[in-house]
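Below you will find one chain, with nothing else, as structure tokens; this is the form predicted on its own, and questions on how it binds or moves follow later.
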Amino acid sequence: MKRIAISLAALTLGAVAAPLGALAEIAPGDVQFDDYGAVETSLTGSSGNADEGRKIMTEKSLGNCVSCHAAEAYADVPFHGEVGPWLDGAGSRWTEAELRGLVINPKKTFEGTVMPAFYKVDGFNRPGDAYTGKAAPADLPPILSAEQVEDVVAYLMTLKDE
């Protein structure tokens, strides 16, 4: 009887652990893009935090999206850029999967864009070591973490047309 209880406990724990493992973070090299650059699957297995996404987008030390993109939703943040499109209505123009793909690697959708890939670690042309003028010593980390990407996507989804 004791062995049966232990076996059932092990099976139960295994069943619980499997879904948790399925929620593991997707590494930059494992991201699956569709033919148009969209990424259907959340990098973290859950939705992001829109408030954190706004902070990431508007702080120069984080995503720094504000340097290229303007939006009425963060008009209180100074020095909006004019290189990228306005983000007002982004959540209406693009799906969550399309926005995720654009943040992860916009060149999968818009080949000639100057927007950086925020969740990419390889395939760069001559990456530098900060501002030293030397080559990078190893693979570069992504600009944003998987959680930060999901936070930015959650915030962009709030920017809907009225």
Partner chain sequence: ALVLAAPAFADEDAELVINGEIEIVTKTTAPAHLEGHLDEILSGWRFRSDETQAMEMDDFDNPGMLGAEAGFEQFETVMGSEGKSCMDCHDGVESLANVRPTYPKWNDDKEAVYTIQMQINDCLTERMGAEKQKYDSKTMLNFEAALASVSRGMPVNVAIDGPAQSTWEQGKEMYYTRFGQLDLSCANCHEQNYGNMIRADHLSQGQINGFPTYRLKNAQLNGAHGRFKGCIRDTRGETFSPGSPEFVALELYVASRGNGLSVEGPSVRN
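As the structure is a computational prediction, the values presented were derived from the model and not from experiment. Positions refer to the first chain, counted from 1.
Beyond the structure shown, there is the form predicted together with its partner chain, which is absent from this document and is the topic of what follows.
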* Looking at its partner chain in the model of the complex, do all three of Val77, Pro116 and Tyr131 come within 4.5 Å of it through at least one heavy atom? -> yes
* **Location of its partner chain contact in the model of the complex, chosen stretch of 44-52, 29-37, 117-125, 91-99 [non-hydrogen atom, 4.5 Å]** => 117-125
* To do: May I ask you to check whether Thr109 falls inside a 4.5 Å heavy atom distance of its partner chain in the model of the complex?
  => no
* Touches its partner chain in the model of the complex: Ala71 (any heavy atom, 4.5 Å) -> yes
* To do: May I ask you to list the residues of 82-101 that have any heavy atom within 4.5 angstroms of its partner chain in the model of the complex, in sequence order?
  => Glu82, Val83, Trp86
